[in-house]
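Presented as structure tokens, the chain that follows is alone, the form predicted alone.
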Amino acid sequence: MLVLRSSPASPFGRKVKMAALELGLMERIEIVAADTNDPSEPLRRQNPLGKIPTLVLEDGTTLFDSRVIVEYLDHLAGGKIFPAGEARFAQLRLQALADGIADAALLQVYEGRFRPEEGRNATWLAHQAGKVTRGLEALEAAPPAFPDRPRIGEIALACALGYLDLRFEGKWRADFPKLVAWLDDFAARVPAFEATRFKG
């Protein structure tokens, strides 16, 4: 069995789980929760960065981060969510943009979670929020089309938008109606989106 170290609310862990479901590999993966704040957590030996998601292979070696893991899973499945040729780079670009949105959102959450209110840096928070807004604006201007089966870029985008719903009460929705429609369509067509939703 492969072992996925993650946490239920992680947008990057969700991306890996969605990819695994789309690739028909979930039955080969055991999901084990990881506490990235615990100094005694085995994750720190499995991944020197102490970050999630981390995939532990059957021989004990590990892969990280989510971009590497999903590419490995696609390799195992024979190549289904990473297209060939020029289309591959369009998907890698979309994945990078979506992951950047999720990362900037996550950093805002961490600032609120780990730094006392009097020590929070409003300028830094605004800088991260600006990344999210600019990313959403670019996507609103040209929402990505996808075929019957989602590829890695669309999966990453759905996870990023889902994370904004989870941690920011869906406030992004008021300003980005085309992306709202895109996510609604994605959720209706891709059962893995609901199957991986954090319900805690």
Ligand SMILES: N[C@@H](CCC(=O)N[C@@H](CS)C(=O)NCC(=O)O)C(=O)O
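For every residue, the number given is its place in the sequence shown, counted from 1. Just so we're clear, the structure is a prediction, and the values are computed from it rather than from any experiment.
Just so you know, the form predicted in complex with the named molecule exists too; it's not on screen, but the next bit is about it.
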item	value
Option from 46-54, 168-176, 22-30, 139-147 whose residues, in the predicted complex, bring a heavy atom within 4.5 Å of the named molecule	46-54
Contact residue in the predicted complex, chosen from L125, L106, L92, A77 - any heavy atom within 4.5 Å of the named molecule	L106
D65 within 4.5 Å of the named molecule in the predicted complex, heavy atoms	yes
Any non-hydrogen atom of T133 within 4.5 angstroms of the named molecule in the predicted complex	no
Members of 1-19 lying within 4.5 angstroms of the named molecule, judged by heavy atom, in the predicted complex	S10, P11, F12
